[in-house]
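Next up: just one chain, as structure tokens, the form predicted on its own.
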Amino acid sequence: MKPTSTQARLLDAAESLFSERGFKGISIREITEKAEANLAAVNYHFGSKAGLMKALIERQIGPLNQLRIAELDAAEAAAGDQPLAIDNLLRIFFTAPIRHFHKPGQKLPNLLARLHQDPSPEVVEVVVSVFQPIADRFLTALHRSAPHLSEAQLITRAMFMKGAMVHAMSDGLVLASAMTEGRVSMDDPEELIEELVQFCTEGFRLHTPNSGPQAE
């Protein structure tokens, strides 16, 4: 049964189409036809195609980010003046999205992977508006947990961390499972979380000289 809300049908149609062919590859007409909605419905409900994309990302990411911020606040309150251990901090960052998007049929991880390959101004603006608050919050905590890293090193390694997570949640995990069939199972999200935590923790712990300009 199709959702009765026009907004919900548009969001579902856009998520499916964007995840298959990216943001640029889909027209508003295709979205409204799939959603069985009027051609003007996207502009009426969301203002633009970019506004629709922002709404569909926020629909799933918003609750997960609220959960991560609440868990980070609680952990920092319990730690008092001490910085969190890097592995504990990364576990908070990974757990909610990995558990949520590890379920079959999830389209948003593939969409996020495609958006990273399509850095048009509209896409960049949407991604920054949705993810900047959570990124700033965790970068602040990571700076306390890894004070040996310069700002450039911290941000670069955080980008690597984000890439690893998006890859693990998207089709990359399917490919990896096929390549290791019979030897490694990636069906357990809890094991995947721990592997990501341990892998990325070592990256943040590593102290290497930085030849670039130091942050003030």
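The first residue of the shown sequence is 1; numbering continues from there. This one's a predicted model, so the numbers in the text were calculated from it and none came from an experiment. So that the term is clear: the rigid core is the largest set of C-alpha atoms that superpose within 1.5 Å between two forms.
The form predicted together with the DNA exists for this protein as well; it is not shown, and the discussion that follows is about that form.
You can rule out all but one of 66 to 74, 187 to 195, 42 to 50, 155 to 163: in the model of the complex, only 42 to 50 has residues with a heavy atom within 4.5 Å of the DNA.
Of the listed positions (Met169, Leu149, Ile57, Ile26), a single one reaches within 4.5 angstroms of the DNA by any non-hydrogen atom in the model of the complex, namely Ile26.
In the model of the complex, the DNA stays beyond 4.5 Å of every heavy atom belonging to Ile61. Contacts between stretch 6 to 23 and the DNA, counted in the model of the complex as any heavy atom lying within 4.5 Å, involve Thr6 alone. Core-superposed comparison between the shown form and the other one: the CA of Leu67 stays below a 2 Å shift. Relative to the superposed core, Glu58 undergoes a Cα shift smaller than 2 Å between the shown form and the other one.
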